[in-house]
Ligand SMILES: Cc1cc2nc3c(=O)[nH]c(=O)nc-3n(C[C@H](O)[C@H](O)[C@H](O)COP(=O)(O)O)c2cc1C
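Consider the single chain below, provided in structure tokens and representing the form predicted alone.
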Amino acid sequence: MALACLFQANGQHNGAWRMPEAEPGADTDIQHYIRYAQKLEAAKFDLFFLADTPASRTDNLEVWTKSPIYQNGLEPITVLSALAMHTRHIGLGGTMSTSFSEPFNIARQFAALDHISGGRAAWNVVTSANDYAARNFGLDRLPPHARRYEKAGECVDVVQKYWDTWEDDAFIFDKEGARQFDPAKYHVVDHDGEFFKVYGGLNVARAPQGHPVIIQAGASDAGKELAARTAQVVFGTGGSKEAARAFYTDLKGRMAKYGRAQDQLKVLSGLNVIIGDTVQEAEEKYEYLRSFIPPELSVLYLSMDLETQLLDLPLDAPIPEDRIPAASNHHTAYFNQIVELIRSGKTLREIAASYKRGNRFMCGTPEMVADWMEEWVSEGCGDGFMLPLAYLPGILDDFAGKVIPILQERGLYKTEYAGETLRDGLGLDRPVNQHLL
């Protein structure tokens, strides 16, 4: 199975930064990122991943101050380039929005990261999912969901054209003949589409991986279609085995029409774990972590993902049906998850406390976690896991020191990295330059 870490400086849980062991200022301390990337590499993780949004919150700041996520952090490409200098094997993935970035810039930055890292770069394709980002770029709100995905599809196509500007052996460095490259192996990018019109080429040699790995996370029909056509890694959704298996089967079933083999796309399911020597110890750790979350912060996150206002509602009453918007324009999977919770009749307090943004969250012993992961993969629910480690360093130490050895003993996880590139490690083919097909 493949393992990735969704990294946040002090952990992904909204209360992690308040724990005694949390490091103030870690969000902008590159040495902190380096230390954890090296720890993850020592544990043989496949991917170090940074989520991102090109925005900060501009309202409800008295509540947002209780959670630092996206209010203070370093830009992913810059961080990953630094990490490339201090790691050798782990993949380096980051988010860049197709809604607010030009294809040339995306292609150039990720190609450069691939060269710097020796073939370990991965681009997480997102359309952005909050209006804070839209307002940073002169818009009042995001364009409609379907329209954003249409643009994203064209953007990926143009980026891939740029990545194939040069054939692999185009640069010959013939000093005597005064020919640094073979002009016949250069291909102009000439694209005139609905969203992008470009004529030019990428000014860096083809990347070590040919194309950096493409990651995608959309759970909507448009998102799954884009992933089936273009992605090599997808962050899976589904809170139950049945839902996850349905997502997995649906997504991989779409690949054939694009001429793609199913093993060329890895579905990594979100998994949040709290580990203890006993279940009771793990549950006590979880309750301790939850104690750092004020109720109003949980309600604010719930409001954000439901795309409506909930802060004015009483905590100990159900959420009225008329507060549910007609449809989601941001995160479809999270929206649907919340609607299901609302219709279960739970109170706002109960929903806010239990809502986990689509990830499975379990408290258990190392053996229980390993058993669950083994069953999940063997039953066709995913190819591995994306771990949004709740708090650091505790969860990483527990998982790396106690769960991974069990998986390795069972032959379910590698003891050494395979090959030199991220594609090698994930068993992905290196793409042939489209001009040679």
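Counting begins at 1, following the sequence as shown. Since we're looking at a predicted model, the values are computed, not measured.
A second form of this protein, the form predicted together with the ligand, is not displayed here; the remarks below concern that form.
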query: Option from 110 to 118, 363 to 371, 316 to 324, 233 to 241 whose residues, in the model of the complex, bring a heavy atom within 4.5 Å of the ligand; finding: 233 to 241
query: Listed residue (H211, K252, H331, K266) with a non-hydrogen atom within 4.5 angstroms of the ligand in the model of the complex; finding: H331
query: Contact assignment for the ligand in the model of the complex, among N272, T165, S298, S128, heavy atom within 4.5 Å; finding: S128
query: Every residue of T78, F104 and Q160 near the ligand in the model of the complex, heavy atom within 4.5 Å; finding: no
query: Interface membership of H145, the ligand in the model of the complex, 4.5 Å heavy atom rule; finding: yes
query: Interface membership of E41, the ligand in the model of the complex, 4.5 Å heavy atom rule; finding: no
query: Heavy atom of A37 within 4.5 Å of the ligand in the model of the complex; finding: no
query: Partner contact for Q337 in the model of the complex: the ligand, 4.5 angstroms, heavy atom; finding: no
query: In the model of the complex, residues of 205 to 220 near the ligand [heavy atom within 4.5 Å]; finding: A217, G218, A219, S220
